[in-house]
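Given next are two forms of a protein chain, the same chain in both, each as structure tokens and marked structure 1 or structure 2.
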Structure 1
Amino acid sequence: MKDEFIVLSPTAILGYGFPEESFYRGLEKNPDLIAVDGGSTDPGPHYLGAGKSFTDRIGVKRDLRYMITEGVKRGIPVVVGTSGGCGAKPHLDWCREIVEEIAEENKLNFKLGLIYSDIDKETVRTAFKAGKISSLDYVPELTEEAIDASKNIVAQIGVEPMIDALDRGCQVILAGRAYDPACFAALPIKEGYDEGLATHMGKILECAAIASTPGSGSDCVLGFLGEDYFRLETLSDERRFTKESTAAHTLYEKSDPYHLVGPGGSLNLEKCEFIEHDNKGVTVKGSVFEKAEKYTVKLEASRKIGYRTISIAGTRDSILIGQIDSVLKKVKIRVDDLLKKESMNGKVHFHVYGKNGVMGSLEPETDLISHEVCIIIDVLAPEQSMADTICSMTRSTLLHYGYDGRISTAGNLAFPFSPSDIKAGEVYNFSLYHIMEIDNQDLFKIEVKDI
């Protein structure tokens, strides 16, 4: 085991890009691993259900080209977690095609590992009936109906399948949906480094320079893992790691500041220590991985619930803005009455930016001081044509609605786009966001290909 295991994290998410200068500065340190988080469920359930990437193909290919050509040439393993954005089979296959293109165009030869994290419905049903599936906080209890309606069910894999692929000699690994730190932690854990420190370091490296200050989602950083510590360094003179930025990112997307749960156990950070250096770096000590009695993984899936059409409009009419809530309520009542009479099924929602478009009913600032607001008409219906019709009816009703004090007889909405109504297509919501006990890692199929 080396004194330090070095990991190069090029970017926050594959496809976000990174400066070439930072990347090659990182390669000068002779890293033992190049790893990147390929995606997330943060952009919502649509991309998982639709089997599409939320990152752009050209951007993903550009990032992978640097990583794979340099990794293969220098003998550095390259590991990608949550490939294709959401990590289901369509996403993983999409990413594989890009890798094969890069290999052909650059005349590269290597062993490629593909780790599928898809879980079939029958496996989920069996676990559900056996009481091996539980809900996360604020998530409804699972039902068989939700399982049946789900598309692209995935589980967040841990380091074990990645270590298996590495043991099989894979030089480039594309993993399906994965625990974010796993692609950074698998190889050092395999090499004998501490699991708690490796996982915590992966928790920071997953978002690369976002954890530095000033943060950036498009820049490279290095992690140095020692026997009883890990150290972080930026690769741009514009930013640095601080105690505050590192500790803050440790808490990123976590509700408990001391115990971070993942596949097979949790990080205990009760004795964690952050030490800041003058050379843009931070050293972290005291992270401990505690194995769980039962190995669990998080399931994710979404189901289609209809089609969306939206219309975006602005208004600078102070008379309308002063009574915007009551006007929108009256418009909705009128539209609902029309829908009922025409036997049309759909839902209309208004987002009012400049008032409470971000927080909605949770917005604590109730005094409206905006001189202009943006109104988004958001329609969900069982069919696209029905969503189009309802959006059109709502837009025209609001455009010419006769509210109290109105002076102008023309419309009091300004539409930035023509056509004013935009088809947003299929709409999905999360149907599975639950924890499942598993007995072994055989659920996760691994393919090895000679490229």
Structure 2
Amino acid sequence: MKDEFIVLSPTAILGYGFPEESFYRGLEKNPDLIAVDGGSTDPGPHYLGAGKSFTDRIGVKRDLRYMITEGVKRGIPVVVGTSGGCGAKPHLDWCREIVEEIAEENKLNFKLGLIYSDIDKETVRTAFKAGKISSLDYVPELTEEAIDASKNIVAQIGVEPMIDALDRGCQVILAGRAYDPACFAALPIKEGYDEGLATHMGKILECAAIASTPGSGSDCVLGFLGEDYFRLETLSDERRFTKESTAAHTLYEKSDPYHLVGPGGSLNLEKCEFIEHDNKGVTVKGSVFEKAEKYTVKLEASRKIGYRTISIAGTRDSILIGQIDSVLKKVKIRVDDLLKKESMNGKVHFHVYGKNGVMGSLEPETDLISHEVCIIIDVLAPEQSMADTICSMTRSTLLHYGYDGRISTAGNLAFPFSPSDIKAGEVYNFSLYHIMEIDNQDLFKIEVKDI
């Protein structure tokens, strides 16, 4: 074991980019690992269910090209977590294709490890019947129906399958859905470094320079893991890690910053210390990994609930704005009536910007004071063509609706676009966000390919 294990984290999410200078400056420190987080559930349920990435192919290829060409040339392992944005098989395959292109274009040879984190429905059903699946807070209880309707069920894997792939000599690893810190923590844990410190360092490195100040989603940082500490350094002079920025990042997107639960255990930060240095670094001590009695993973999946068509329009008429709620209600009743008569299924929702478009029902302000209002007609139906029809009906009804006191009789809406209606395609809901006990790591298939 070396005194310090050095990890280069190029960017917050694979595809978000990084300055070339920062990346090369990081390489000058001879890192032992280049790792990057490739995804998140943040962009919503569509991408997981539809098997598409929310990151851009050209951006992902550009980032990977730097990482893989330099990693392979210098013998530094490259590990990607949650490949393709959501980490299901279609996402992993999309990312693999990009890596193969890079290898061919740059004449690189290496051993590629692919870790699939998809869980087949039968496995989930069996675990569900055996009482091995539990709901997280506020998540609806799981049903067999929800399992059947789900597309792309994935588990957030921990470090174990990545360690396995590294043991098999993989130089580049693309993992499916993974716990964010895992791609950073796997190799140092394999080499004997402390699991708590490695995981906490991974937790910060997964967002790269977002945890520094001024924050950036597209810049490189370095983590140095020692025996009883880790420290963080930025790679561009304009930003630095401070005690506050690092500690504040520990809060980010988590409900309890003292106990971060992950696959196989949780990170206890009750005794954690953050120590700031003058030269843009921070040292962290005291992070402890507590192994769980039973190994659990978080399952994620989405189910298709229909198709969406939207129309965006505005109004500047104070007479209409003054009674917008009741007008929209009446328009909805008229459209619902039409749907019933035509035996059509669908839902209409209005997002009203200038009133509560951002906060919806959580908006505490009741007075509408905007001089203009934007209305997004949001239609959900079982078929795209039906969503198109309902959106068109709703749009024309609202456009010409004769509300009380109407004196602007040419039309109630200003449309910024022609066509006014936009097909938004398949709509998904999260269907699984549950904790499953697993007996071993064989669930996660590892494929090793010589490239």
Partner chain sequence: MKKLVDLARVIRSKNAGPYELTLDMIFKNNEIYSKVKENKLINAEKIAEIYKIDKDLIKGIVYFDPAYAVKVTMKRELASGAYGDSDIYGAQQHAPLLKLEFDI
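Heads up, when I say rigid core I mean the largest set of C-alphas that superpose within 1.5 Å between the two forms. All values derive from a computational prediction rather than experimental measurement. Numbering runs along the sequence of structure 1, starting at 1.
Between the two isolated copies of the chain, the form predicted alone corresponds to structure 1.
Comparing the forms between structures 1 and 2, the C-alpha position of Gly226 differs by less than 2 angstroms, with the core used for superposition. For Thr126, the Cα coordinates differ by under 2 angstroms between structures 1 and 2 after the core has been superposed. Note on conformational change between structures 1 and 2: two rigid parts, with the smaller rotated by 7° relative to the larger (from C-alpha fits).
Taking the rigid core as reference, the CA displacement of Gly322 between structures 1 and 2 comes to 3.1 Å.
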